[in-house]
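As structure tokens, one chain now follows by itself in the form predicted alone.
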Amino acid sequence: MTHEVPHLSRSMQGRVVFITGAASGIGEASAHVFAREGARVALSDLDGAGAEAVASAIRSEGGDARAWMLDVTDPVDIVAVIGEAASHFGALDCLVNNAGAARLTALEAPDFDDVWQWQLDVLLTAHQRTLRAALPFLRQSDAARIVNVASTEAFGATARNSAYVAAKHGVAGFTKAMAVDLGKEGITVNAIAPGPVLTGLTEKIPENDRNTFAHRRTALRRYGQPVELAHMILSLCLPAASYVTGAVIPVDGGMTARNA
């Protein structure tokens, strides 16, 4: 006996995606990937000029993109910008919480409290604020998707990185909690956990050091490219990705799988 297999759409055509931290790295790559799949993209970044440059590049390729300057530590700014983006595009289907920053500091450092609060504000509190601001619009979508960008630091820790580690563990927990809270509405909430990726931050590491780390720690023996992370984010935002929620997915070249 055969059963009819229902059609689940893998098309992002016409969907509206709001991305934070879209001026560079994973956010920039995600903006291009979504636009190439036919999505309309709202880009935001503290670097407003950088976000506009990405939006302009997407429009030059025939895509639909608009940029906003956004300070994700400012709750008033978050509400205003997300409202403007939803109004401009007439909808909001996907939220990608990607904005981030990192700063190593020792527990005994005089500025530890300041670094701690700044990291939590940017990496964790901003996620809940953008989600809450976007939720009224997402609830009008027939396939609302939220993707948070965590880190493999959500599974462990490295030295002198306690604020970042705590924030990324918080992102993983927040993702699961929101998946439970919003699941009854059909809104999925997932996270990706990037491992070593070539971004503006990691490009400052000497190439020999990067290569040594990648060979010792990852199964694929290399750093990832931002576009590879972007494609996982895209996959979690597809209308067909309707039964994946509360997941924190490593996208790390096999780093968390490798023992030696």
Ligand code: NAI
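What you are looking at is a predicted structure, and each value in this text was computed from that prediction instead of being measured. We number the residues from 1 along the sequence you see.
One more form of this protein should be noted, the form predicted together with the named molecule, which is absent from this view; the next part is about it.
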Report yes if all three of R145, G170 and F174 come within 4.5 Å of the named molecule in the predicted bound form by some heavy atom, otherwise no. no
The named molecule isn't shown here, but in the predicted bound form which of C94, I82, V189, A150 has a heavy atom within 4.5 Å of it? A150
A214, V197, M232, A53 - the one with a heavy atom within 4.5 Å of the named molecule in the predicted bound form: V197
Could you tell me which stretch in 131-139, 160-168, 84-92, 174-182 has residues with non-hydrogen atoms within 4.5 Å of the named molecule in the predicted bound form? 160-168
May I ask you to state whether D77 is within 4.5 Å of the named molecule in the predicted bound form, using heavy atom distances? no
In the predicted bound form, does L46 come within 4.5 Å of the named molecule, counting heavy atoms only? yes
Would T202 show up as a contact with the named molecule in the predicted bound form if we use heavy atoms at 4.5 Å? yes
Hey, in the predicted bound form, does T73 get a heavy atom within 4.5 angstroms of the named molecule? yes
Would you give me the residues of 229-260 that have any heavy atom within 4.5 Å of the named molecule in the predicted bound form, in order from first to last? none
